[in-house]
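Take a look at this single chain, the form predicted alone, given in structure tokens.
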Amino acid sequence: MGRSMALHLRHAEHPLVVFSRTKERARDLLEAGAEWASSPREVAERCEVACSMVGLPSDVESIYLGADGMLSAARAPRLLIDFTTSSPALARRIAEACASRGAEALDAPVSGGDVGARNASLSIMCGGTEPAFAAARPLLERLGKTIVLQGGAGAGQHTKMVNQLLIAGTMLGLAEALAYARRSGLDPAKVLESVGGGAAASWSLANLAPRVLKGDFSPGFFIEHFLKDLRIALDEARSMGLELPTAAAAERTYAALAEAGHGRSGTQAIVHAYGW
């Protein structure tokens, strides 16, 4: 997703400095005119606006607050935007660290998967100050269609947790429904024609169910990353005294799939838990 998002910025003729742990994965960005940096710190020292899209909260912490992170730079960028789905508490820590350096931070997790990233149609959920949001908006509009400031630092991450909780329930329902359709002798493709335009319609049904029917379990979003999100949401809910039984069921199901070797499959591989 990060590569597609960065390409949109480059195609809009923004000068781009990039870093990735694996340089080869940035090859198309470099061929499009981006410049290479050897570390997050070097990115920060060469940019006015720094953006990140990585896998885990530990990665976020490292690239912002680590020994070679962006906030270790002699000169911090004026604005730092993190698109990773991460911890609300970590987003607040980063915002405080940025403020101490005279910089603004925005936690801006996204939804829409690989399709939304390629089509620049992501939903972007932002947490931060009004000035940070106003400064970021011209860039965000190159990447997404729905761009909302939800509140202060961490609010974007909390909103993404709401998004992931909705998806968790949808994916459980999708897997159970497809298993039911096939076991009852129906043609699942014909079933999708009927239910896809009715009250049961959803993004997951329209985009992921057809992949299941084709036997395509390649990742738009890794199971292991979705597990990370569900665990953040469940931890946050527990801290608020809130029980989330559907999310807990989804976490157990996806954890079993990851243990069975499906962690790098797409979230649609949940159907394997139902005998697909």
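Take the two forms, superpose them, and find the largest set of C-alpha atoms that agree within 1.5 Å; that set is the rigid core. Just so we're clear, the structure is a prediction, and the values are computed from it rather than from any experiment. All residue numbers are counted from 1 along the displayed sequence.
One more form of this protein exists, namely the form predicted together with another copy of the chain; it is left out here, but the text below deals with it.
Although the partner is absent here, residue 74 sits far enough away that none of its heavy atoms falls within 4.5 Å of another copy of the chain in the predicted complex. Contact between residue 245 and another copy of the chain in the predicted complex is found at the 4.5 Å heavy atom cutoff. The closest heavy atom approach of residue 129 to another copy of the chain in the predicted complex falls outside 4.5 Å. Although the partner is absent here, residue 236 is a contact residue: one of its heavy atoms lies within 4.5 angstroms of another copy of the chain in the predicted complex. Scanning 115, 134, 148, 99 against another copy of the chain in the predicted complex with a 4.5 Å heavy atom cut-off leaves one residue, 148. Contact here is defined as any heavy atom lying within 4.5 Å of another copy of the chain in the predicted complex, and by that definition not a single one of 51, 57 and 63 is a contact residue. In the predicted complex, 88 is the single residue of 57-96 with at least one heavy atom within 4.5 Å of another copy of the chain.
With a cut-off of 2 Å and the rigid core superposed, residue 210 has a Cα displacement that reaches or exceeds the cut-off between the shown form and the other one. In the core-superposed comparison between the shown form and the other one, the C-alpha atom of residue 113 has shifted by less than 2 angstroms.
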